[in-house]
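In structure tokens, the next block holds one chain alone, the form predicted on its own.
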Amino acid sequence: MSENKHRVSRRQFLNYTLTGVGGFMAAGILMPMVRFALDPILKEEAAADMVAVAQVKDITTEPQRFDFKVKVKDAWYESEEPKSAWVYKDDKGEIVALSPICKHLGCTVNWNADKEHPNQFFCPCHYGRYTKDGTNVPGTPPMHPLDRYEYKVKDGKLYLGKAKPRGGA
């Protein structure tokens, strides 16, 4: 009598077998897709590398534009992204490296480009202005100061990292 209770019919056996095989097949198909979607999220972000931009001896009190390239890894795609920085030494001799990206709509600012407002950064797109230290001029479109690059000096060279936002005016 106990043999009849634990006996599996052909129909149940086929049902269990096909469900198991179907489950393995579904897992085999779905696992690569899940791995593909989650892999970039689970990878550790590499520390921002510092890039050599200029010789410290070439930096003056007048802002100068320095162009450089940063290696960027976007998921599986690696490329070099061109960047720029306005670099100068302040009154104390400290190096200041500002991003040239206007905080209003992302246009590129230039130093001393507006004859009506000398010694300021000027955005020609919407007449945004910034003082020499990157602070936005009140009454102009930008609501925040220019971002500052992290920097370090090593062996007489200036290395720049990521641009960090500063507080609003």
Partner chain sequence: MKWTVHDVSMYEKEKQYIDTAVVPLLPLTFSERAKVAAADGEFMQLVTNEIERQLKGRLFLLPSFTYFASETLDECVERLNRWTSELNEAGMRHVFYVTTDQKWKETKQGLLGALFFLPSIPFEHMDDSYKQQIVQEQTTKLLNAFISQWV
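Since the model is a prediction, treat every value here as computed from it, not as a measurement. Numbering follows the first chain given and starts at 1.
The following text describes the form predicted together with its partner chain, which does not appear among the structures shown.
Contact residue in the predicted bound form, from Gln64, Thr131, Asn112, Thr108 (heavy atom within 4.5 Å of its partner chain): Answer to the contact question: Thr108.
Closest heavy atom of His126 to its partner chain in the predicted bound form, within 4.5 Å or not? Residue-level check for His126: yes, a contact with its partner chain.
With heavy atoms only and a cut-off of 4.5 Å, decide whether Gly93 touches its partner chain in the predicted bound form. Output for Gly93 is no: heavy atoms all beyond 4.5 Å of its partner chain.
Verify the contact flag for Lys57: yes if a non-hydrogen atom of it lies within 4.5 Å of a non-hydrogen atom of its partner chain in the predicted bound form, no if not. Although its partner chain is absent here, Lys57 would stay clear of it in the predicted bound form, with no heavy atoms inside 4.5 Å.
Heavy atom within 4.5 Å of its partner chain in the predicted bound form - qualifying residues of 82 to 97: Heavy-atom contacts within 4.5 Å come from Pro82, Lys83, Ser84.
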